[in-house]
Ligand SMILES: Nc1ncnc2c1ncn2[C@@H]1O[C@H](COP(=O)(O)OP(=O)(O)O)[C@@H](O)[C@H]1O
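Presented as structure tokens, the chain that follows is alone, the form predicted alone.
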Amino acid sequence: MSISRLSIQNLRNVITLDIQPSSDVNLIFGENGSGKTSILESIHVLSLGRSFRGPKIKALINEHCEDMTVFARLIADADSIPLGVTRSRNGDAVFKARGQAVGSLAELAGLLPLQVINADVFLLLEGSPATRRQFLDWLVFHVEPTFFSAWKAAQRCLKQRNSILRRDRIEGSELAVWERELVSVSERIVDMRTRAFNVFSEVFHQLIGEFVMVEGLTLSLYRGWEKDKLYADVLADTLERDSRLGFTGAGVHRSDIRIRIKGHAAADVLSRGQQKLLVCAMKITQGVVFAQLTGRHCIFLVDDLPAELDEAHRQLLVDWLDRLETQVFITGVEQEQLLQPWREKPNRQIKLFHVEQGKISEQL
């Protein structure tokens, strides 16, 4: 999977852009505020309909324009896939693939799998369980074909159960119907998450074994309730509390990846640089496992590579990316800092782009 052409109109300060990226390595440099991160955002828009900076669409659209458009041509094996997204200030949205309207954002995400490494990756350690749950679910979504429908069913069941819990009088028969479906779909989700997590954990520990990390690092999957109890029993045991609070307190919506070092939260033990390397290793592992289980490659977007990493660790991250043999887009302020880690990769096709005031030029 790679992007052979990328075209942008009216995204932030990028009024018009049309480039043919390398199928390997694309290094994008320029001053802060020049528009280099906007190029990465545009690719994310093609995958999820929004920026990785946040869900607000109006902030993406150039202040003097009413809409923005991103177009790309994807190469997947021998298939060439035109992909386009238009978002407007009035809320209108058009998503197209192969010239046809796309029915859902899930279909877009399936066509263009991405991994993003930016300042927000620290949230994998410091953020809420929802961040780590979404991280795992990205992998599960791409490797388990029935996961998305099961996830939607679980959300529907939780919404109905919570609505019943908030009533003055709970109808036991109605509650039982939704709980039976919730238990069934939750067990399926746990099975799918567990399979993906087990493969992820094995690859992750192999990967971090290549450098010295603090001893005692463990990853564990919390399914959302106590491991020695059936979910049906948990719902029955917590019914009174859930009724009082008005929501379901245990379930797959509380799942988490727990990252610890000798029993302590990793964020409380590691230095900032060690944290960055750890979360980068988690992202790289996603790419490795995705390739192993699907036979496809995801595209990596790395915003501000030098941030929080010294030269040795930048080289290690580049070595990992190189091993993936996938397309990467990497931004930074200084040209040499971006180029240096790749100089010993003569077999990779590297394209260098300079961005200035929203305009891009390829450096020969």
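Please read all numbers here as calculations on a predicted model, not as lab measurements. Residue numbers run from 1 along the displayed sequence.
Missing here is the form predicted in complex with the ligand; even so, the following discussion is about that form.
> From the candidate stretches 55-63, 311-319, 42-50, 293-301, select the single one in contact with the ligand in the predicted complex, where contact means a heavy atom within 4.5 Å.
The contacting stretch here is 55-63.
> Is there any non-hydrogen atom of Glu336 lying within 4.5 Å of the ligand in the predicted complex?
Output for Glu336 is no: heavy atoms all beyond 4.5 Å of the ligand.
> Is Glu31 close enough to touch the ligand in the predicted complex, meaning at least one heavy atom pair within 4.5 Å?
Judged by the heavy-atom cut-off of 4.5 Å, Glu31 is in contact with the ligand in the predicted complex.
> With heavy atoms only and a cut-off of 4.5 Å, decide whether Asn13 touches the ligand in the predicted complex.
Heavy-atom contact with the ligand at 4.5 Å: present for Asn13.
> With heavy atoms only and a cut-off of 4.5 Å, decide whether Thr37 touches the ligand in the predicted complex.
Yes, Thr37 sits close enough to the ligand in the predicted complex that at least one of its heavy atoms falls within 4.5 Å.
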